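Take a look at this one chain, the form predicted on its own, written out in structure tokens.
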């Protein structure tokens, strides 16, 4: 059932068994999983069914550190960021959960095996595709006419599936028709209430843009507001804890991460790239090139993927659309000693080092609801820049060693400063998972340390991130939370 928050009597109390703040990928997944469970579930969504400028303006804040597009990097209406996501899904690898000893702060308190029971259902929900294994070898050995670009002990392939499901559209009818689920639209959560000890959540305070307000009381609460606003709500809930809920160790909002992305190079190759790296006839799948784990350890790399872009046409006369000088093309032809070269753009997608100085904090100013706005301070470490440089060197040297081609670095200053970089707008890490409350905000079940009935859903719980897009793991973790709520 869908209800307008404006229709609720001012200052009244709505009662439920479970309350979910936020109806993006995580919130919708949990609500959908709780249908028929015997639990009366209330979902509080700040927006409506469509984009609204006044609601979106509640995401406005400030940015310090590296440049960042704060407001437009997420969407504030039913379905959340799945309303504009690209649909690239891939699970995290074993090494992402295990961590890389040479990248400080990486690793999870859980293993890949803890999420394996959920990844299959998560994949069907996020893509609605068949669940062919993601393992590169299974694609090479199948009947899908897939071949590797690089056959090397240092570089291998990694498969993404791409079929974006708009959660707000795909699962709207199921929630509308569920007798035990109520979704309130225009319901902005501005505070988490607790008992006097701060160890038990008692309710959520809701406000609307038209000035109405009510309270929701329940036994169990889930914050699923995204990687920035999960932290924002905890920090702003200061009635009992002056520094905010779950923040006794000053960790809420810290370790803000986003995937490092950049268009970094032009590839000039002797042979065409296999179609699977470009989408080709595999329009629901696409491969990237990644360092093997042995190469990552040898070269001290974080999780890294190289994505090959659209081909450009080159000839012996150097007709390369003006993107590569004639002299370069002639030199490449001489070294390859094969026919006309094939050229492609190259993008890197890399894992950042978890950095406590990258963080979400509250400003003195407030939004239209009276909530403090946020400042996003994101800074890459020297280690991040050095790992980017080493990854590029590895890729280039393997192309040359194998006689496959040549690579020209296009990103001026790559490996030295943030200038050539952009980001995936994957907000992660601000309520990181840890068994030890002194190093994290939530435990391995995504429950806030020291609060017995408050869970955090979404990529804010990621302690480190690998190179894979986060949505598949967000949904897998949300399904796991739903099991705990039941």
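Positions refer to the first chain, counted from 1. What you are looking at is a predicted structure, and each value in this text was computed from that prediction instead of being measured.
The next section is about a form of this same protein that is not shown, the form predicted together with a small molecule.
Visitor: To verify the annotation, which of these, 401, 84, 300, 132, has a non-hydrogen atom within 4.5 Å of the small molecule in the predicted bound form?
Guide: Only one option qualifies, and that one is 84.
Visitor: Heavy atom within 4.5 Å of the small molecule in the predicted bound form: which of 73, 355, 373, 345 fits that? Just give me the one.
Guide: Contact check passes for 73.
Visitor: The chain here is shown without the small molecule. Which stretch in 218-226, 290-298, 195-203, 113-121 comes within 4.5 angstroms of it in the predicted bound form, by heavy atom distance?
Guide: Looking at the other structure, the answer is 218-226.
Visitor: Given that the partner is absent here, does residue 477 sit within 4.5 Å of the small molecule in the predicted bound form, heavy atoms only?
Guide: Heavy-atom contact with the small molecule at 4.5 Å: absent for residue 477.
Visitor: May I ask you to state whether residue 44 is within 4.5 Å of the small molecule in the predicted bound form, using heavy atom distances?
Guide: Within the cut-off, so yes.
Visitor: Would residue 157 sit within 4.5 Å of the small molecule in the predicted bound form, counting heavy atoms only?
Guide: Contact check for residue 157: no, nothing within 4.5 Å of the small molecule in the predicted bound form.
Visitor: Is there a non-hydrogen atom of residue 22 within 4.5 angstroms of a non-hydrogen atom of the small molecule in the predicted bound form?
Guide: It does: once the small molecule is placed as it appears in the predicted bound form, residue 22 has a heavy atom within 4.5 Å of it.
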